[in-house]
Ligand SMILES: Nc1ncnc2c1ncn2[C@@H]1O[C@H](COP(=O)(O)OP(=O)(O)O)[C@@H](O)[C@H]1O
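As structure tokens, one chain now follows by itself in the form predicted on its own.
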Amino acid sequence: MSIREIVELILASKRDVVVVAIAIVANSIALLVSPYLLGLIIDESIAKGRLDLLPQLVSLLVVTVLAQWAAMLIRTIKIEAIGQRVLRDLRHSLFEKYVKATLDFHKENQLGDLVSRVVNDTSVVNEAIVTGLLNVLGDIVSMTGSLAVMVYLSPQLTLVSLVTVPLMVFIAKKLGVRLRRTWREVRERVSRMTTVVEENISGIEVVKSFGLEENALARFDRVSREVYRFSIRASVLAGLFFPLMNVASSLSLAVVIAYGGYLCLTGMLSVGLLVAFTQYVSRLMAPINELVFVYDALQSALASLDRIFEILRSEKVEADEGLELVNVRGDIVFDHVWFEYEPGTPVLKDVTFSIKSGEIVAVVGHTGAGKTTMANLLMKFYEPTKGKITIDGVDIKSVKRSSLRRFVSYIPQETYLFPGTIVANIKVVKPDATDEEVMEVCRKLGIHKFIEKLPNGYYTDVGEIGKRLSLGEKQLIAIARAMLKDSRIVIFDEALSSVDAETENMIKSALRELLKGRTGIVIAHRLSIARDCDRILVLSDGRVVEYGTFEELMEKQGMFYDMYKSQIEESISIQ
């Protein structure tokens, strides 16, 4: 199935495939003609003293060699063009799959392995299957032509030249299979090593803060030693395999020269014909060696191809079908919503509540209560197990994900920033926005001065994943993104417990400005922020246990009252 799909990708470049076919035929004809001309030069010109024929035959030989070179050049360029096009399409398909895959897909697969598939495995497939197979077609044509001419010139010598072919097949079966398996082991361990490097670099702060440098090095060294061990084993096998194949080819040539020399001495064969025949033997054996090498590479590439199509065939993709939302007001209703990450273990249980357009609701609860899960459902990262969620009366299950997300801005606790400047990171939600638009948004939010104080202002490089900014500063950038996007609904998962007082005040002020006239859901960990919201929803063990204004919940003296009192007392004791 996957090979057929690769062939379809190759045949998509019809014009280049036709040019390659013509170049292969032209190159093969030139390869077959040149030894014959060399034999004629020896037998008809040099041996007979016909110097008048020498310039003509040599000129023909030169033209043939030049034609062979030109055909090979065109063939090489076009095969590379086809290969790079297939490589581009494969990588595009894989990356598109990654982007459109569900969150579960990304949780189940390691980052390093996904990177390895899109970078390393696709390259192996291109080199072995695309470029390799197209070159093999040329080799097969040349080999068939050489064999036909050899039989025509001397059936006896042809049989003698093939005496080492069984030896070559034996070497290929014994060593080639082992070499293929070893290279597969090398690739798997390189993929593991990539994962280890990415994990430890991404979590370098944790590694350093807990003194895990030696553990990280030990883990890397273990994987690195495995890569070394299998690479050495592969090198040893390759060091045996390819020289033995060359020895078998040389033996074939030696036998031809010995038997052909005998035929020349007995007058049954001319010297020119023997020289031409040795050229044909070389042209026959070289493709055989190449075919064995490509066979090995092909077997290796099939493992990579399996890994690629394992991803491409995954059904864990977010479908983007359904209704288009228009003129969203922002009325949200959770109607008896249940949700399970794992079957039989509900995270949300019969959650029912409504939020009016323009209303700001704080969602509070202990860790694991289901607060972030509610946000994930509203963003359609997951679908409810039971019940429904509506926006302006429309069940979001029937709405296109891309349409829904145009009207919703989600600000997570851990804001991801792309490598680049602050202004570029804000503009990711609206690439056609001008720098002045971004600055105007930041002025409205009250964070313009903070950004201007940075080393290069709006053009300060945030570093990889925003490492040069604090958690609070990254949330300010995320708020600016949401303001620039201008969505009707905003979900804000605050992280105020991890920021200083000055940054907290900036975040609160920016958030108030952002939420003006919008429907807001604030996942509140610092309960003081809930006081400024219109209503507060309290979750416990996946259920809504309280829902009302701050004053109502405090008067009720239920779960929210206890949480709020506990947090205030904790804050006082710390001070």
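Treat the numbers as computed from the prediction; the structure is a model and nothing was measured. Just count from 1 along the sequence shown to find any residue number.
Below, we turn to the form predicted in complex with this ligand, even though it does not appear here.
Checked against this ligand in the predicted bound form, the residues Ile411, Val361, Val347, Leu114 give one hit for a heavy atom within 4.5 Å, which is Val347. For the options Glu383, Glu96, Glu342, Glu502, the residue carrying a heavy atom within 4.5 angstroms of this ligand in the predicted bound form is Glu342. Heavy atoms within 4.5 Å of this ligand in the predicted bound form are found in exactly one of 160 to 168, 369 to 377, 325 to 333, 260 to 268, that being 369 to 377. In the predicted bound form, Lys208 stays away from this ligand, with no heavy atom inside 4.5 Å. This ligand is not drawn, but in the predicted bound form it has a heavy atom within 4.5 Å of Lys107.
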